[in-house]
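In structure tokens, the next block holds one chain alone, the form predicted on its own.
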Amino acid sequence: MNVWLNGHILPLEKAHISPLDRGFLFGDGIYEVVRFFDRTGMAMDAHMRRLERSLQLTHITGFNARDLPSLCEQLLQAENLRDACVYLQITRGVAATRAHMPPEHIQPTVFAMAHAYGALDTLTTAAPISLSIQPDLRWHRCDIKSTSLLGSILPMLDGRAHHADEAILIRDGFVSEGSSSNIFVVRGNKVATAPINTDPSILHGTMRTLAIDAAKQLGFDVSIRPIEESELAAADEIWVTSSGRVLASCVSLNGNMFGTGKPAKMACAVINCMRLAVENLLVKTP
């Protein structure tokens, strides 16, 4: 396996990062995950904008978010991959000593890796996913795609008792998001997802935006609004969107079968619409 580290493609076993890296010591870094189909990045512009925003909000300098497509292409070529996920991590870098306040003019550590993922024709139906409901105890800047993910890992571990793949996080009686995803709730023909611009506890999900566009295109009534926890049990469908999963449909909630126990009808329609949008993009991409 080859990886990208500070401007170089090299075998994983030769990639070394200092134990004084602030990403290791403090979780002082950010990341992005991009899904590729036939070497075309899904929602690449949105990923670049989000990466740039995370860099600005964390005051991490030394990397240009506009270099993301080129970096990914080099890594995919080195790994001979066409359908893949690329993980990019940028930490603040290495300092001489461990101190909470970083020194000025520190050089970031840039690391990326790629692994094979399903081709576009695998998105013919929404994947099934089991969910648990957990309290949202994370910090309040979840709109930054930070590598400090312990607050997301703990509720997923708590959900293991229900054999859950993902946790729906509740803050002050309302759905914020999933541990590693955005959440949609469907009742009848109405689709709802929580707002992002007014709540820093919710990440600007790239697949969230594509799912909203697809649902509107299909004629569903889409609203961006706060979602009460009580709406989860009363929902006809619950969707989960993320770069890796694209869109998944809840089949189990807190250990109990949800709906029919199979991916729901509207979820499957939306992911098919999203797939067609990507197919059109691939046709237009030389």
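In case it trips you up, residue 1 is the first one in the sequence shown, and so on. Computed from a prediction, not measured in an experiment: that's the story for all the values here.
Unshown form predicted in complex with a small molecule; subsequent notes refer to it.
So which stretch, 154 to 162, 137 to 145, 186 to 194, 103 to 111, is the one near the small molecule in the predicted bound form (non-hydrogen atoms, 4.5 Å)?
Of the options given, it is 137 to 145.
Give a yes/no on whether Ser243 approaches the small molecule to within 4.5 Å in the predicted bound form, heavy atoms considered.
Residue-level check for Ser243: yes, a contact with the small molecule.
Any chance Leu203 has a heavy atom within 4.5 Å of the small molecule in the predicted bound form?
Taking the distances in the predicted bound form, the answer for Leu203 is yes, it comes within 4.5 Å of the small molecule.
My question is simply whether Gly93 lines the interface with the small molecule in the predicted bound form - judged by any non-hydrogen atom within 4.5 Å.
Gly93 lies outside the contact set for the small molecule.
Examine Ser180 and determine whether its closest non-hydrogen atom to the small molecule in the predicted bound form is within 4.5 angstroms.
Answer yes; at least one heavy atom of Ser180 falls within 4.5 Å of the small molecule in the predicted bound form.
Since exactly one of Ala215, Ile129, Val175, Met207 fits, which has a heavy atom within 4.5 Å of the small molecule in the predicted bound form?
Looking at Ala215, Ile129, Val175, Met207 one by one, just Met207 meets the 4.5 Å heavy-atom criterion.
In the predicted bound form, which of the listed residues (Val33, Ile60, Val222, Val251) lies with a heavy atom within 4.5 Å of the small molecule?
For this set of options, the contacting one is Val33.
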